[in-house]
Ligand SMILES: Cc1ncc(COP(=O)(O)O)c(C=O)c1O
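Here we start with a single chain on its own, the form predicted on its own, put down as C-alpha cells.
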C-alpha cells in the first residue's frame, strides 16, 4: 500500500522533543508510573508485581477487556479488541474497505482516519465542519453525501482539532442515516470523558448501532499515551473476527505491562479524569482572556470537549511561517493548519498540559516583541 506522509506526525517529530513548550499537544499531562501504581487496587497491584513478561492474549487481557466493556452499556468483553489506537485504525480500514468503496470522513481531522482509505483505492469525501456555525457538522449535508457505493462513514467526536461536540439529536441522526443504508460507522471517541459539561456526553456509537465500531484509548482522557494502548469495540461479529485475523499480521498481542497499567487507569477513571478536567477548565479560562486580548491576531470558538481548539489566524503571514518563527525564537510549538491541508489559516492549540500558562505567556510576549 502506497501512502502519503502523515503531515501532523512529521511536524511533531521535528519539534516535539526539542521545543521546551508544547502549546499544541492533544493529550493531557502523562502520569508518573509510581503515581499510577499508587492508584492500583489490590488485585491490579498483585497482577503488576507478579507479572511475567511473556506473550499476552491477542485480543487483550480478559480483565482489561471486561473493564473496557463496562464503560459501554450493553457491551461485553467479547466485543473488545485491544491494541495501539493507530494500529486499530489501520486494522479497521483494511477490514472494512476495498478499492472503489466510497468513504465519508469528518474534516479537518486526524489524517489516518481518511488517508488509509485513500491509499486503499477508496473514493474519500470530506464532511467539512462549518466554522461560521461554531464548527458544526451539518447532518443533512451528510445525508446528501451518502450514495449507493458508500461503505463507511467516519466521525470523530469530541472533534480534533476544533473541540466540536454535536448535540445528541444530531449524533442520533447520523446513526439513523447509516443504519437506514446499512453503512458501517467508524466512531473515533478518543476524547470522550473530557466533556466540559458531562451532560453533553454522547452515547458511544457502539451502543446505538450494531454496525458501528468505536475507537478509544488511554492516550487523551487518561494521560497515559506512553503505554500505547486503546481498543475497538463492536457488536459486528464478522468484522470482529476479521480484525483479530488481521492483528496476527501486526503486533499479534499487546505489551503485558501496558495492559496492567491500563487496567489500573480505567479502575481509577474518576480520579484521573477529574484532575484533567480541572486543569482543562483553568487553562481554557486563560485562553479566553488571551484570545480576547489578541483579537487582532486570532479568532476563537471555545471548544465544548477535549484538549484542543482551532483558532483562526488573522495575521498577514502564513500560519506555517508564524509557527516556525515562534518555535525558533520562543521555544513554543503551535501546530499550523497546513498539517491538515486545511486552506483557511488556523493553528491548533492544546490545553491539557500543566505548563500551558507559561507557554501561553511566552506566546503573548512573542506577539508583542517578536522574541
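Numbering follows the first chain given and starts at 1. The structure displayed is predicted, hence computed values, not measured ones.
One more form of this protein exists, namely the form predicted together with this ligand; it is left out here, but the text below deals with it.
- For a residue to qualify, one of its non-hydrogen atoms must sit within 4.5 Å of this ligand in the model of the complex; all three of 26, 191 and 220 qualify.
- Of the candidate stretches 236-244, 155-163, 271-279, 135-143, only 155-163 has residues whose heavy atoms lie within 4.5 Å of this ligand in the model of the complex.
- At the 4.5 Å threshold, heavy atoms of residue 215 reach this ligand in the model of the complex.
- Residue contact check for residue 228: one or more of its heavy atoms lie within 4.5 Å of this ligand in the model of the complex.
- Shown alone here, residue 89 lies within 4.5 Å of this ligand in the model of the complex, counting heavy atoms only.
- With a 4.5 Å cutoff on heavy atoms, residue 127 does not count as touching this ligand in the model of the complex; it lies far away.
- Shown without its partner, this chain lists 298, 110, 171, 209 as candidates; in the model of the complex, only 110 has a non-hydrogen atom within 4.5 angstroms of this ligand.
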